[in-house]
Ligand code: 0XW
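Here's a solo chain for you in C-alpha cells, the form predicted on its own.
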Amino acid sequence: MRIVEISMFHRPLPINGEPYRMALQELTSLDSTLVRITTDTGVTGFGEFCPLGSAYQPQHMLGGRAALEEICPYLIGLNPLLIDRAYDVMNQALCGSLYAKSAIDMALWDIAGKVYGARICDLLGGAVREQVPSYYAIGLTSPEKAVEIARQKQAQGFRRLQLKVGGRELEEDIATVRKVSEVLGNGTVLAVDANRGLLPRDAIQLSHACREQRFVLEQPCQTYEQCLAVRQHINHPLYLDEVIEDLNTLLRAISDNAADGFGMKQSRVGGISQMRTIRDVCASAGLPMTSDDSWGGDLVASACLQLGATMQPNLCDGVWIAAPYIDGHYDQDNGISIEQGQLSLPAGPGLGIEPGIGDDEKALISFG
C-alpha cells in the first residue's frame, strides 16, 4: 500500500451566538483545514487542524497550510501504515509546525483503522469505556451570566465546568469564581482557566481570595517559569496547558513537580501518535490530563475521544470538543455530539467519521 495523493480542503466554523471570549482574545469564527490522504488501494484517511485564532498560540491557519505544502510531497509513495516512519519523514522535511503534522498523523491513523477494521481507540490499546465525559467551557462573562450558564450546563449533564478568567479587573474574576462555586452541585468539578491571562501577583491573589472555593487553577500565567513560581503560593491544584508544547516540556514539568495535571491539545503536541506517549507518561506519573484540541469539527472531536476512551477514568479529566459552539456536522450520521455530558464512540473503523467531501469539491491544493 502506498500514498498516492494528499489534498487539503477548507471548512469555516462560525461560532453560534455570542463571541467566544478568553483572556487574550475574542472569536466569532474559525477556519479549519481538512486533509485527505488517498492510497493506491482506494482507502482514504482524513485529518483536521483548526488553530484557535492567531493570538492563542504561535499557530495559525495559513501557517499550517504552508507547512503542509512543505511536508506533503515527501509523503507521496510511503506506506501509510508505517505511521512512525512517516512521522520521521515529516520531521526531516520540516522542523516544528506540529499542528500541521497532527492532521497528517490523524489521517494515517484513520487509514490504519480502516485497513485493520478497527477503531483508533482499539489500535491505541483498547477502550476502557464506550462513553467518555465531556466538559463545558464558560467564556469570559459577567458573574451573573456565568452562574446562569453553569446552572444550565449542569442540568444538561455536565459534571465538569471550565470557567474563563483573566484579561479584566481581578475583582470581577474573584466574584465570578465565588458565585459560580455557589451553584455547583455535588460531583461537579470546576477548573478556573486563565489561558495565560493573569499576572503572577493576580493569580496568587485570586487563589487566596477564593480559598474557600474548590477548583483547579489552570494555566494562570504567560510562562512556564511564572506558573512554577506561582505554584508555591496558591491554595489550589495547578494545571498546565498552553506551555506544555511537546513531550519534552511535559517531562520537564513532571520533573519539576510543576503541576497537578495537564490540559493537553492534540494538535499542539503533534497528533494522536504524540498524545499516545503523553497519555502513557502521565499515567506512569499518576497525573490526570484532558484529551482535547484547540478547536475543530467532527474529525478533531473523534480523534480526541478515541484517545480519551483508552484512559483510565481517574486519569482522564474529560474530552472537550467544539460542538456546543458550532452548528452542524461533517458527518450527519456519525458526527460527535454531547448527550447528558457524555461523548459516545463512533462505531466505524478508524475515526468513524466521513466528512462529506464530494468528488466534485475542489481542493485548496493537492499533491501526488
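This is a predicted model, so every value here is computed, not measured. Numbering starts at 1 and follows the sequence shown.
The same protein also has a form predicted in complex with this ligand, omitted here; what follows describes it.
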Checklist entry - Honest question, do 52, 164 and 320 all end up within 4.5 Å of this ligand in the predicted bound form by heavy atom distance? => result yes
Checklist entry - Only one of 104-112, 121-129, 204-212, 239-247 gets a heavy atom within 4.5 Å of this ligand in the predicted bound form; which is it? => result 239-247
Item to check | Interface membership of residue 94, this ligand in the predicted bound form, 4.5 Å heavy atom rule | outcome: no
Next on the checklist: Check residue 218 for me: does it contact this ligand in the predicted bound form (non-hydrogen atoms, 4.5 angstroms)?
Outcome noted: yes
Checklist entry - Quick one: is residue 294 in contact with this ligand in the predicted bound form, heavy atoms, 4.5 Å cut-off? => result yes
Checklist entry - Applying a 4.5 Å heavy atom distance criterion, does residue 22 contact this ligand in the predicted bound form? => result yes
Next on the checklist: Going by heavy atom distances of 4.5 angstroms or less, which of 149, 253, 75, 137 would be at the interface with this ligand in the predicted bound form?
Outcome noted: 137
Checklist entry - Who in 265-286 is close to this ligand in the predicted bound form, meaning a heavy atom within 4.5 Å? => result 265
